[in-house]
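There is one chain below, alone, in structure tokens, taken in the form predicted on its own.
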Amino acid sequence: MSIQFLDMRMSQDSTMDTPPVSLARNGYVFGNIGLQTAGLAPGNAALVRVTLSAYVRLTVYPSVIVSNDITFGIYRNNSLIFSTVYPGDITELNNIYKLVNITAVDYPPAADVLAGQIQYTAVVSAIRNADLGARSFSGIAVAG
């Protein structure tokens, strides 16, 4: 079967670094997209592939907290499918500015595909003091 393009969506939470969003001991949803799968060709439900991209400009402030400082997660229909941690460096005395780019892939179950839409959410949470600047999230679904 040939490759079938299903959908592409973008979530642009902020195009600028100011004003920042504070993550101090909080989580924040910076991306939310619903990829449409309703036009799927018969027989392709088990062949759907999704590529997801997230970008965040992160400011990390000095901290004494050592582990699991800043966690990025991507969820499919409220189920975690990707997670990564920026642990930081407790010896750092100055603010650190990071450009975080995440690429994740997903092979959603046929039941999710046949529902007609798959919801993907990008979340960041922090134990230490950190701010988000510009941020975006996008995804593309193909089958075949």
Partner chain sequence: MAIQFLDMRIAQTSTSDLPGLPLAAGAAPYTFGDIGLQTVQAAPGNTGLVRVTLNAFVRMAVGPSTGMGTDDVILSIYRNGTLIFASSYPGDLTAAGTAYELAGVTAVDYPPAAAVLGGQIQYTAVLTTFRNVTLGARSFSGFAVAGTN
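Numbering follows the first chain given and starts at 1. Please read all numbers here as calculations on a predicted model, not as lab measurements.
If you look for the form predicted in complex with its partner chain, you will not find it shown, but the lines that follow are about it.
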Exercise for the section: Would you check, heavy atoms only and a 4.5 Å threshold, whether residue 78 touches its partner chain in the predicted bound form? Expected result: no
Practice task
Answer with yes or no whether residue 49 is in contact with its partner chain in the predicted bound form, where contact means some heavy atom within 4.5 Å.
Solution key: no
Practice task
Give a yes/no on whether residue 9 approaches its partner chain to within 4.5 Å in the predicted bound form, heavy atoms considered.
Solution key: yes
Exercise for the section: Look up in the predicted bound form whether residue 111 has a non-hydrogen atom within 4.5 angstroms of its partner chain, and give yes or no. Expected result: no
Handout entry: Within 4.5 Å of its partner chain in the predicted bound form: residues from 123-137 (heavy atom criterion)
Key = 134, 136, 137
